[in-house]
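Presented as structure tokens, the chain that follows is alone, the form predicted alone.
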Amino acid sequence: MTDQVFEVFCRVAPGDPMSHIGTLNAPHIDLARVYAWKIYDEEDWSEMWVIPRASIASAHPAHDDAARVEGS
């Protein structure tokens, strides 16, 4: 199984905006969650989200075709 790229987003306090803090590689979402907490533990995060990069779609009309190709 090959690793996927995951994007990591966090917020320090409830109500704060989410911030993109980095990326990581993992074979599946369960390990990505563990890796994210271990790699990005420099703050006392109130929330942390791990999202497969392949699941992120562009909302910009000029990137519509590129988004379909990358997500395929």
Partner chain sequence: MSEGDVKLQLDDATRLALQTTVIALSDTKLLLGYHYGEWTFGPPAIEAGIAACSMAQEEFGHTRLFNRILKREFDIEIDPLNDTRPPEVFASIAFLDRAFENWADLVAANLVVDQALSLVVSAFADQQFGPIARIADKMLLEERFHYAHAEGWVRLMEEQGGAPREALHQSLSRAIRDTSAFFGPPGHDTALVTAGLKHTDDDALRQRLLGRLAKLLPEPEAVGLAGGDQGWTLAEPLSWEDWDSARRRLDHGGPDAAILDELRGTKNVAFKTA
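Note that the structure is predicted; figures quoted are calculated from it, not measured. Numbering follows the first chain given and starts at 1.
What comes next is about the form predicted together with its partner chain, which does not appear here.
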Practice task
Give a yes or no on whether every one of 9, 12 and 56 sits within 4.5 angstroms of its partner chain in the predicted complex by heavy atom.
Solution key: no
Practice task
Evaluate residue 25 for contact with its partner chain in the predicted complex, applying a 4.5 angstroms cut-off between non-hydrogen atoms, and reply yes or no.
Solution key: yes
Exercise for the section: Indicate whether its partner chain has at least one heavy atom within 4.5 Å of a heavy atom of residue 45 in the predicted complex. Expected result: no
Completion exercise
In sequence order, the residues of 21-54 that place a heavy atom within 4.5 Å of its partner chain in the predicted complex are 24, 25, 27, 28, 30, 31, 33, 34, 35, 37, 38, 39
